[in-house]
Structures are given as C-alpha cells and as structure tokens.
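Only one chain is given next, in structure tokens, and it is the form predicted alone.
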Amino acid sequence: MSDTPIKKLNFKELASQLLPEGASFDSCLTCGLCSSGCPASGLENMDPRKFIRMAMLGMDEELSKTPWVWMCTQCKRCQHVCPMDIDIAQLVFAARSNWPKELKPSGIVRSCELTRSTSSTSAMGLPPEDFVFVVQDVLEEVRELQPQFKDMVAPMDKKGAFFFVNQNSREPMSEPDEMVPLWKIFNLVGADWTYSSKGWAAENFCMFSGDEEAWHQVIQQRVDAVNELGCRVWLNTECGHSYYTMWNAINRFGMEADFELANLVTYYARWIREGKLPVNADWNTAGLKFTVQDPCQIVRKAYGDEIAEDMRFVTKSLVGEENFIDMQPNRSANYCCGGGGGFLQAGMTDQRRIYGRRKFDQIAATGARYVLTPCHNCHSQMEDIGDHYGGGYHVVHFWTLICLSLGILGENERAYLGPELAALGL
C-alpha cells in the first residue's frame, strides 16, 4: 500500500454545484429511493443516501477515502428515481478523480494506459498493424470456408464510407470469429462501412479511472479518425460504455465531430422493419425462453427507453413474442448488473459478485435460458455471476441470433450458444 495520501474534497460544495435549478438538499426527505435501487448498497457500509448525507454533514475525509466509489458503477439508477434528480454518479466521478494514480485499482489504470499506448485506442493494447492483420486473416478464412461469402468485404480506412464501425478489442484480440456475424449482417443489408486502422477500438476505461485528461485524449483520437475518413455515422457496435464515453466526451469537452453517433441496435431494428434482415423465429422450435439486459450506458444514461424498445422489437422478431420474458424492473429502471464502471477490471471480485446477485435473481425469476445484451461488460458479468451462483442460462450477442435465424451462422461463430443451439443449421 502506498503512503501517498488522498487529499480531502469538499463534497458538500461539489454536491451543491450538481443540483438542478431550484432544488435544495434542505428539501431531501431521505426517502431512500436511491439506496433501495442500488445494488452497491451495503458494500463498504455505504449507499447513495448515506453518501449524500455524509457530504451534507461535512464528512469529507471519510468520503474522500472510501473504496466504495470503485464499487459504485455510476449507473445513475439512483438519479433516475431521485425526486430531486441528484447526480450522485458525478460526485463519485469526482471522488475517483481525486485518488492518486497509484492507489486507484490497478486493472482500471492499466486498461487506461494501454488505451493510450497505441493509435488503435485499444484497452488491450492491440496495435493498428495487428488489428489490420487479424481482420484480413479472418476474412480470408471465411471466404475460403464459407463459399457463399466469397465476395464479403471488411473494408479498412475507406474514405467517405457511411459508417465508421468500432469494435471491442475482445474480438480481434481473443475472439476473432465473433466479428464475422457482424460482417455478414453488413454484407446482407448492403451497408457502406469501414473500419479504421486508427481509433477503431470501442472500450474506454480512462473515463472510469477518473482521469479526465486521458479520457479527453482518447476520444479526441477517435473523433479525429472519423473526421479524417469523412464518415457520416460513427456506429457503436455491441459494446455499452463505448457510446456513452464518446457521446459524453464530445459534449463535455466541446469537440468538433463532423458526424453523427448511432448504435447498432437501432439499425438492427430499422433493417428488420425494412425487410433487409428477414429474420424470423421459425428456428426456435423448442420454445426456448429469452430475456434482455438493458445496458445502463446506452439505455438509462444515453438513449432512454427508445433503444430499449428497439432491443425488445429485435428480440421478439428473433425468438418469437411468446418466448420473450422481460426482467422486472426493466428499460430505464433496470438494475445495473455490476459489470460496468470498471468494476470488472477493479480486482474486487467478491464485492462485484455480491453486487451482481440482484441481477442474477432478476434473470432467474424469468426462467429464461438465454440473455441477450449489446454490451460486453454486461455479457462478462452475467456469465460470471451465472457460473458463480449456479444459473443455467447463456449470454449471447444479438449478431449471433440474427445470423442463426438467417441460417448463415458459421461453425466457429457459436461460442456462446448452449448445446441445444450449437449444432442448429450446420
């Protein structure tokens, strides 16, 4: 443990600056709605209501040092239910920023450092030339082994493409076959898209580390990469926090972004409605049940219920409306799973699993065999708590089920399917 001290912040002053116009902490009824909806409540003997009350009482030293700020995922559910709309997540961000680098969770810090280590902006440190090689190598293999896709492309640095597509580093680094269903979907709908050798990565843990300067730098690299290629839409794929870190930074730092930001789920829904993705649920002859996890970063913190409705439309189109069972609560009111906010990288496994118990119970109550979510952190967390608490469910990407429904899912693209689906259509 380093001897570096954590300086004391004035949390009351910070909290007052974050209040909406006309609001006052004097009118807080300590109703507890924030704490009742927070899965981090009780960890380190802390909860959102207690955090605010301690701030009002001037207990700055205790709040400056509590490790609870690394267990709060900043999911903003507390703010969502708060009658006063208090942004507790922003207070937590300030507290994280205040910790000396050497005292912050090393996994989050390391991920941020790797993100800044190459022009890829990959949190796994994958350099541009390696990303280009992996994409080309996988594409060549697909063209050879799946003749119906012998003309499929995965463009790189294509100027003027409509979509600039990001990718979570987990795919090219350790699961390259998971990129292929996405390419097949783009091929089928005739999308004009490109990867970039620079700024292609989706994930960004610099924001979660509380390092505002690093967060700014990483997003600036990504904005510059899109502007340089002249793409009209930066398309966020199935990675939850990547959209929020990009959108939030562009607004927070006043960046010049000559493009729109969009999420792939929205386009899935549009392409299904337009008939470009002719999916159906005929394959689900066993009546397997599915549920959906609403990622905090793109639902509650970004798009709101609009994208949650798109997720449900896509899911019902894929599995059959009668085979979809919603978690309770859901949409913007859904509970965070505990994978976000850098919690997966923080090294606090026991606390993260305690946090995730509420999500496990939500999933178990649906009786669903599969959970769909367009977020890698949600994906990893729900898999982990499922294994830990003995759940019998599987967590899958949307692109997997879309290609399964269309009969174009390759043999090597089924890593997350259970035995009842793994051999379907081969």
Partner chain sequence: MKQNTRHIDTDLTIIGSGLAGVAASSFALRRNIRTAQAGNTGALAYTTGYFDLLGSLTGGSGASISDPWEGIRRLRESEPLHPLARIAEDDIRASFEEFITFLAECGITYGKPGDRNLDALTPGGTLKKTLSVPATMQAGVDAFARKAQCIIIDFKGLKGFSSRQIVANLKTDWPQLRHERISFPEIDQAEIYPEVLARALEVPANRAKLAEVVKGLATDAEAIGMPAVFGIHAPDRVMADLQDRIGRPIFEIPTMPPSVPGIRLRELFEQVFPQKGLTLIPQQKVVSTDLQANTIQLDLKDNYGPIHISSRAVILATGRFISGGLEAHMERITEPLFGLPVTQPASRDLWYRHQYMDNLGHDVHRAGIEVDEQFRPLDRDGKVVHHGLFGAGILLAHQDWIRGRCGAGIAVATAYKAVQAALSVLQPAAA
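Bear in mind the structure is a predicted one, so any value in this text is a computation, not a measurement. Positions refer to the first chain, counted from 1.
One more form of this protein, predicted in complex with the partner chain, exists but is not displayed; see below.
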{"property": "The partner chain in the model of the complex: contacted by all of M84, Y243 and A333, heavy atom 4.5 Å", "result": "yes"}
{"property": "Candidate stretches 145 to 153, 293 to 301, 107 to 115, 167 to 175 - the one whose heavy atoms come within 4.5 Å of the partner chain in the model of the complex", "result": "293 to 301"}
{"property": "Interface membership of M124, the partner chain in the model of the complex, 4.5 Å heavy atom rule", "result": "no"}
{"property": "Heavy atom of R222 within 4.5 Å of the partner chain in the model of the complex", "result": "no"}
{"property": "Proximity of V134 to the partner chain in the model of the complex, heavy atoms at 4.5 Å", "result": "no"}
{"property": "Any non-hydrogen atom of R357 within 4.5 angstroms of the partner chain in the model of the complex", "result": "yes"}
{"property": "Answer option from D192, D130, E306, E141, heavy atom within 4.5 Å of the partner chain in the model of the complex", "result": "E306"}
{"property": "Those residues of 44 to 64 which, in the model of the complex, come within 4.5 Å of the partner chain by heavy atom", "result": "D47, R49, K50"}
